[in-house]
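To begin, one chain is listed below as structure tokens, in the form predicted on its own.
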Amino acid sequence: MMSRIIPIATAVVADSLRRKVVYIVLVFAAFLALAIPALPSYGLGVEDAVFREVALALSFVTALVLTLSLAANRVPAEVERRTVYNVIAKGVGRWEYLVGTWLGILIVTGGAIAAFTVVEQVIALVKYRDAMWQLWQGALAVWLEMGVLAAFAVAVSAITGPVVVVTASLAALFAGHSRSTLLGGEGALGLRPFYPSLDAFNVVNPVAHGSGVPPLYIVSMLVVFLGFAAMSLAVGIALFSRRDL
């Protein structure tokens, strides 16, 4: 099983690294990170907190652009070029193909987030004499959320094109962070346990303005990540299995 999934993930990583969008987004984000210390201070003693908050926002946007650019067109392009037929003809199951694709995107996104976090740490160390190690907790949260979003995007891309994938993914991202807004009424309180919320990955306040999140909370993020990613991939596999190729 893994002997077939890992080569697919490796191919996705190699193809992604050949695409200019990965490097363009990272360089642009790095320049923006360098400009963070130039922002107007919001009061004496909170400049470092402002830096962490903006840095996390940049990490999120960078990871979002990369995730959607890699996930939206991967499967549709493979189907259009008919290269997916060669993969499946070698005994690779359709579910293995989707899981391998998602895993490759997850690896690329994780590497990009890690590289960007190192850049943020260097800037913080030079500017504030603080390595700000709690930024890695924020980076982990962003990576896990992008993993969920990538699984959703790959699932949708199994049956439709990139425009619909991007639109559906952004809509899912908005809905995932809008539970309190969309279900704010007392009559909707009973629906909240069944509403797929991504708020578990929102650690901006404790990371930017506190000392970070406890280990147990990190475990809870991992559980949410595994649950949502597995559910999205299961739906995508079911849809892809019924698609005529």
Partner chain sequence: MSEENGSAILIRGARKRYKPIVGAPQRDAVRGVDISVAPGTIHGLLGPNGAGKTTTIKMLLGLVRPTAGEFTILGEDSTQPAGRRNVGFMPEQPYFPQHLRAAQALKLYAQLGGVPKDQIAARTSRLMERVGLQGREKTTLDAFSRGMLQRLGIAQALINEPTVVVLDEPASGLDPVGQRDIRNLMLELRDSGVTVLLSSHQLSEVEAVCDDVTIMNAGVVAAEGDLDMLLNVEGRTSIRARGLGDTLPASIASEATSVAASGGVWVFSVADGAVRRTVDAVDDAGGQVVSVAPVRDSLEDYFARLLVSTSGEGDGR
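Numbering follows the first chain given and starts at 1. This is a predicted model, so every value here is computed, not measured.
Beyond what is shown, the protein has a form predicted together with the partner chain; the following relates to that form.
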- Within a 4.5 Å heavy atom cut-off, is V166 in contact with the partner chain in the predicted complex? no
- Item | R81, heavy atom within 4.5 angstroms of the partner chain in the predicted complex | yes
- Query: Within a 4.5 Å heavy atom cut-off, is K90 in contact with the partner chain in the predicted complex?
  - Reply: yes
- Message: Can you work out whether A11 and the partner chain are in contact in the predicted complex, taking contact to mean some heavy atom pair no more than 4.5 Å apart?
- Response: yes
- Message: Please identify, from 109 to 117, 91 to 99, 149 to 157, 124 to 132, the stretch that has a heavy atom within 4.5 Å of the partner chain in the predicted complex.
- Response: 91 to 99
